[in-house]
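Coming up is one lone chain in structure tokens, specifically the form predicted alone.
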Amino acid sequence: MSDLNVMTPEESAATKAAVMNQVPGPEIQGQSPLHHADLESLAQKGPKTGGVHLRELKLLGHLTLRCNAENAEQLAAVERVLGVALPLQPLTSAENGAYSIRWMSPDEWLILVPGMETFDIETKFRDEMPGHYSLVNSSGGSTVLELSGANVLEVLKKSTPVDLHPKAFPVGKVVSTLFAKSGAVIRRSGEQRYELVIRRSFADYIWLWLQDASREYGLVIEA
């Protein structure tokens, strides 16, 4: 620290990037909210054909960003970090390879990244983002279920009151809504593919719900 308690540029940069790496060491096995369901074994032993396919996109990094959508410098910083611009239109999303961004509100976005890259992404945000903003790592509190297949729409219609007609819910659209007796952030990621971001505490309930809701169509587990 220099005189008068003024930080040097090097000290300031180090402080700005002071975030905690939440990923444990290699001696600790990471477990998703559905670890107990042993989806890998079910994928190996279960049916290989059916109208609904389910896969857990487990152990992703979940980052909630709040910033000013009218601040050009902040928007540019996000694009430098993620390689894709923040989606500014309500209920939309954007993606760049393994990175995806979901619009949550006029000043809030949910960013999903590969789990092992989360700390690096957080650090880059601390280094790049100017002004007032918030970035919260909530990775341990949620997981993502990917649903696909010829009958995926029928299962979703049983589960949520959202209008899922393709004209009302095109590819890329995102909604936060009721799902069964819980909640989910639903994103349509393909013509017959949807992603559900669900809370850890409701993961088992929604897993059981989806098994029942898809029974008549045949459920295929993918690992």
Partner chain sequence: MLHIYCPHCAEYREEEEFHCAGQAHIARPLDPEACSDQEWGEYLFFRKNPRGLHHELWVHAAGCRKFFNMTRDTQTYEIKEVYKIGEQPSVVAE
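Numbering follows the first chain given and starts at 1. Keep in mind that this is a model prediction, so the values were computed, not measured.
Beyond what is shown, the protein has a form predicted together with its partner chain; the following relates to that form.
- Among residues of the shown chain, residue 68 is not one whose heavy atoms approach its partner chain to within 4.5 Å in the predicted bound form.
- Contact check for residue 97: every heavy atom lies farther than 4.5 Å from its partner chain in the predicted bound form.
- Remark: residue 134 does not count among the residues lining its partner chain in the predicted bound form, judged by a heavy atom distance of 4.5 Å or less.
- Taking the partner from elsewhere, residue 79 is found to have every heavy atom lying beyond 4.5 Å of its partner chain in the predicted bound form.
- Looking at its partner chain in the predicted bound form, residues 54, 166 and 195 place no heavy atom within 4.5 Å of it.
- For the options 107, 120, 146, 128, the one in contact with its partner chain in the predicted bound form, meaning a heavy atom within 4.5 Å, is 107.
- The stretch from 111-119, 135-143, 71-79, 87-95 that comes within 4.5 Å of its partner chain in the predicted bound form, counting heavy atoms only, is 87-95.
- Taking its partner chain as positioned in the predicted bound form, the residues of 151-176 that bring a heavy atom within 4.5 Å of it are, in sequence order, 161, 162, 173, 175, 176.
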